[in-house]
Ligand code: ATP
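In structure tokens, the next block holds one chain alone, the form predicted alone.
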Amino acid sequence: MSIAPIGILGGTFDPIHNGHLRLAQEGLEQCNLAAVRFIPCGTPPHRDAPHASAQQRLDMTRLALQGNPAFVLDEREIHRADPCYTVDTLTALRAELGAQQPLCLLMGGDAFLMLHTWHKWEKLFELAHIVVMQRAACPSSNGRPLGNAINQADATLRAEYQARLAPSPRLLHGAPAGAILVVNMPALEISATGIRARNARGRNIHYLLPDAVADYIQTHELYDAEH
């Protein structure tokens, strides 16, 4: 039986920007997903504390998703004080949505190449498919396609990649979890770090993120130099 998968996109979203939204839209269209759930992280285990507060990041994400009924805001992580691990979030989603519902964890190629450093990363394949959105220039692969970059990746991750690589998005609809799919997306050189830096220098941040999010940042004086 074929069931339309649900996409999962997590992140600090500090701030959410057009790169995040384009990644989700490409996943939605190329994998024929039923929806994409955006899950802002509360306490990220792999990076410094976010610059904006949990509520501000939640507000910005909500504003960014307006107008696209296929983009759904999921608040389950944002107010947690303990570290938010993807494996725990997927376990909770699996319990809620049932054993047969396909889930697709969306991520960029740079994140995938570091997957072996994630908490209980091998269990992720029991809970979801992994869809790697390959940009034209992936920082961790020095611009090489993922298929080439994986040759220099962690040996255990490389073995999983080779064993699980799916030739077609159709396979994501026939099983609830376990596959790796690599799809191409436009190269948008947009980053939250760059947006924060531009804003701190007083430069215009419109067209890098939705207007409603840019206006929110300016109204609340987020990422200003003195902050």
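This one's a predicted model, so the numbers in the text were calculated from it and none came from an experiment. The first residue of the shown sequence is 1; numbering continues from there.
As for the form predicted in complex with the ligand, it is not shown, yet the points below apply to it.
- Of the heavy atoms in residue 23, some are within 4.5 Å of the ligand in the predicted complex.
- Proximity of residue 58 to the ligand in the predicted complex falls outside the 4.5 Å heavy atom cutoff.
- When the ligand is considered in the predicted complex, residue 185 lines it closely, a heavy atom lying within 4.5 Å.
- Among heavy atoms of residue 111, some come within 4.5 Å of the ligand in the predicted complex.
- This chain is drawn without the ligand; in the predicted complex, the residue among 68, 30, 191, 53 with a heavy atom within 4.5 Å of it is 191.
- Proximity to the ligand in the predicted complex, taken as heavy atoms within 4.5 Å, picks out 100 to 108 from the listed stretches 68 to 76, 119 to 127, 81 to 89, 100 to 108.
- If you take 12 to 30 and check each residue for a heavy atom within 4.5 Å of the ligand in the predicted complex, you get 12, 13, 17, 19, 20, 23, in sequence order.
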